[in-house]
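Below, in structure tokens: the form predicted alone, a single chain.
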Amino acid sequence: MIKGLTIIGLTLAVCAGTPASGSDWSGYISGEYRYFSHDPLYPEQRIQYWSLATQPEYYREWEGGDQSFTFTPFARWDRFDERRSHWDIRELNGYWNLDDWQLVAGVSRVFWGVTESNHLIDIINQTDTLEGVDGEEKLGQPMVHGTWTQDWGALDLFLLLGFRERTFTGESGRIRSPLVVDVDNPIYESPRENKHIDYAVRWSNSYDIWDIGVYYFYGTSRDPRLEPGVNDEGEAVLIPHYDIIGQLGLDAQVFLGNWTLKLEALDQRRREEKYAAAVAGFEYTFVGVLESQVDIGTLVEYSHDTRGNASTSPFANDIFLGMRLTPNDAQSTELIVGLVYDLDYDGEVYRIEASRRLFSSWKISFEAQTYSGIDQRDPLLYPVRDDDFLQLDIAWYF
């Protein structure tokens, strides 16, 4: 499932040549239940879904942590959605600390961004849409990643060796378009298709109350265009088209007491198209509410995309309002509730995420999402207007 892993043999060979100073296995096994409150729009779908997942991790370090090896596979079995039964290698890499340089070679995950509602500039790894609707789960990416650290900041250099195609829900899965995406016949702008080597460079630094990062990415877009087509069986489907893009991005945070100001912005060129997008907002935290250890954060963000209604993102002209509750208790309880309001179509998406540790090795997580007032002109949300769901996940950590 993962192409372009020729670097892994080198990773293993180099790490194996040095005496070990520590190793450890960790990870989780979880069971998930999803309940959809409306009958499905498409005949193959169901109201209830069950699945099992596991993500073990092996970590070993040498030389007091200056060298390490990480292996993190992931697998899920879904009772009804055949595509959601999948596996991936999230991490399989070696790490070396070389004074001013840090080097990672192998399969890794890298996250960029500061905002809550819209992860606009996070481009290194492909999104694993089978694992959630919030875009936070990512596929492992084969890469060589070097970081040069100086007084003026950190410079990150990336060679991305092999492209990961986006995952999409199958015919029997929910939260999908009327036409299933044909993942077996993607179309690439590059003649090298999924063997195209992408690259990126990013500078970041902190200045007193500022955190700032600027990057440039060139390579295959992680966000495909979906166009109507016909598969090998003559069925109507959506065909993913992966363009070559150049993207300049910025993320910044400013800390002013209880206030945190946030910004993500990008300028992208693909084919004959050029567009810009941004998400900006703030979070204000009420610390120690009523003289307790509970913190409450209020969040406001606005997303804009110059493509307007032609955008492939649901965040073209939207406001996000949210609240984050952090009890700071021994059970690591977390709760965030939010509303995304579409200023073009007047649609609303409500979302709740909560989690709490049970005993020493168990964790329970709850997630819910509901749609309200979705306009039939909305090409992205109208097909999933009846996909309101509740999700319960119980995980055992080891």
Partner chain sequence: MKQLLVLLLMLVTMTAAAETPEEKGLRIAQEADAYDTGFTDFTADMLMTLRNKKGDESIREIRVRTLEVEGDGDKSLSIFDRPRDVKGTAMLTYTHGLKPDDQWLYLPALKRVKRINSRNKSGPFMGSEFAYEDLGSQEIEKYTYKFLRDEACGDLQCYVIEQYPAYKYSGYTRRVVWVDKEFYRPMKVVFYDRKNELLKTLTNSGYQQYLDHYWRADKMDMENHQTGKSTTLSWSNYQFKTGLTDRDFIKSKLKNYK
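Treat the numbers as computed from the prediction; the structure is a model and nothing was measured. Numbering follows the first chain given and starts at 1.
If you look for the form predicted in complex with its partner chain, you will not find it shown, but the lines that follow are about it.
- The partner is not drawn, yet in the model of the complex one stretch among 45-53, 342-350, 32-40, 357-365 has residues with heavy atoms inside 4.5 Å of its partner chain: 357-365.
- Taking 206, 306, 185, 298 one by one, only a single residue has any non-hydrogen atom within 4.5 Å of its partner chain in the model of the complex, and it is 206.
- Here is the short version: of 222, 119, 176, 84, the single residue with a heavy atom within 4.5 Å of its partner chain in the model of the complex is 119.
- Using a 4.5 Å cutoff between non-hydrogen atoms, residue 59 counts as a contact of its partner chain in the model of the complex.
- In the model of the complex, at least one heavy atom of residue 91 sits within 4.5 Å of its partner chain.
- Within this chain, residue 269 is remote from the site of its partner chain in the model of the complex, having no heavy atom within 4.5 Å.
- When its partner chain is considered in the model of the complex, residue 126 lies well away from it, no heavy atom lying within 4.5 Å.
- Along 235-273, residues 253, 255, 257, 258, 259, 260 each place a heavy atom within 4.5 Å of its partner chain in the model of the complex.
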